[in-house]
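Structure 1 and structure 2 below are the same protein chain in two forms, each given by itself as C-alpha cells.
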Structure 1
C-alpha cells in the first residue's frame, strides 16, 4: 500500500494495544477508541488520534479494525446507533478481530455489503506474547479479492495469515483453535501436577516433553509461567469461557457433541467461581494446587 489508508482501531486492551502500535509504527495514520481512554494514552503520545465513539472512528477511517470483549460488544460497536456500519463510508473495509460468533460475523458482512463496505472476521491466536512480537496467527473470513489488498495490514500484526473462506469462516476456525487449547490446558495442568507430585522437577520434565509428541505452543509458552506462579493474563479466563460457550453453541447447532470441551468449560467456570476470571488461561493449574 503506497498511499497508506487511514486506520481506525477500536479496542485497546491486552492484545489491541500492541496490534495498533505495530500499525502506527509502520507509518499508518491511526484513529483509536476504547471504553477507557487512559489505556490508549501511550498510542496517543506516539501520534494516534482519539475519537469519542466507534462511529466517529469509522467516519474518518478507510479500514476499521476492532478487537473487543464479547459478541454483544461486537454487535453494539458495529450495529449500534453510533456504530461502525452507520458511519463508515462506502468503499471502506471493516475487520473484526474479536473472537465472536460465526453467525454474527455473517450478519455484519451481509449488512456491510448493502452499504458497499467490505467485511472480514479475522480472530487471532498467540496471546499477549504473539501480539507484542507481531507473530499472531490470523484466521480470516471474507472476500478473496479484498483480502489480497488488506493482507499487508495483517502481515504487520502476524505471521501466519490464512484466508479460510467466506464470512464466518475465520470465527469457525478460531473455535477449532479454542477447542484444541481447552483440552490442551487440562493436559498441561495435569502433567505439571503429576510431575510435581511424583517428586520430579517440572522444569526438567518440560525439557524432555516440550520437543516431543506432547509439544505445543501452550506447553512451551504457558507451562513455564505456571511453574513460576505467573498467572497474569495473556488471555483472560472470562474471555476463554465466552469462547467455549460460543464453540459449544455452534457445535450443538451442527449436531456435534464435544464432551472434552464441555469438561474444560466446567473446570474453567469452577476457576472463575474462585475469583480467577481475570487471570490468564494457565491459571487452570490452580485447581490442582490443593493436591500438591
Structure 2
C-alpha cells in the first residue's frame, strides 16, 4: 500500500463521485475540487482533501483526473490561469475522462508535453451504473509506456480498458460509440413506433426480433423502458446532443459527411426544444408517439 501516487480528482458529478470513491476505497491519497463543494462532501467525509481550484489540486498531485461537463469546461480547467497545466509538476500525469473534442485533447497533450507532463484523454461509456459498479469501458488516447504505469488506476474504475492510440484517440473512439448509438436510437424508436401504430403488441414483437439481426443493446435495454413510458435518464438528452455536436464538428473537420448522425442530432434537438433535455436518450420515442 506504500508508494501510491497522490491522485487529484476534478469534477465530482454523478460519474466522478463514484469513480473518485473507488480510488479512495483502494487506498489512494485523494485531493478533490468541484464547482459545487457540497457534492464532494461524501468523499471529504471519507478522507479526501478539498482544494479550492483545479490549479491547487494539480500542484499537490502525481496524477490529475478530470471529468467535467463540456469542452469549454475542459479548456478552462486545463488551460486557464489557475488551471492544471500551469500548476502541475513536471513528471505528473493528467487524464481527462470527460467526453470532449479530440482536437482539444491533442492541444492539451501538446502543451503538457512542453512542460514534461504526460497527458491522456480517456472518456468512458457505461453511464452512472457502470461508474458505480466500476464496470466502465475506458477508451484511452496517449503514450503507450505511461499508459502501462497508470493502467492500474483505470482498472479500479472500469473493466474494459483499451489504449486506442495517441492523444485524441480516446475521444475519437468515444465519438464512434456515440455515432453508433445515435442512429441506433432512431432504429429502435421507429421500430417500436411502427409496432404500436400497426396494432401489434410491441413486447411480443421484441420476442421475435431482439435475438436476431435487428438486435442491439438499445433494443434489449431501452425499448422495454420506452414501452412502459419510462423516460428517466440513464444518459441525458442534453449530454447526448453535446456529444453529437462534437462528433459532427470533428467529422466536418475531417471532411466526412454522416447523414444518419446529422438526422439523429436534428431529431434530438427537436426533442430538447420540447423541453425534454433532461429525459434519458430513449425519450426520442416521444417524437413518434405524437403520431400514434
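Everything numeric in this text was worked out from a predicted model, so none of it was measured. Positions refer to the first chain, counted from 1. If you superpose the two forms and keep the largest set of C-alpha atoms that fall within 1.5 Å, you have the rigid core.
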| query | finding |
| --- | --- |
| Matching structure (the form predicted together with another copy of the chain), either 1 or 2 | 2 |
| Cα displacement of residue 196 between the two structures reaching 2 Å, rigid core superposed | yes |
| Core fit, then residue 160 C-alpha moves 2 Å or more between the two structures | no |
| Residue 15: Cα shift of 2 Å or greater between the two structures (core-aligned) | no |
| Core-referenced Cα shift (Å), residue 279, between the two structures | 2.8 |
| Shift in Å of the C-alpha at residue 215 between the two structures after core superposition | 4.0 |
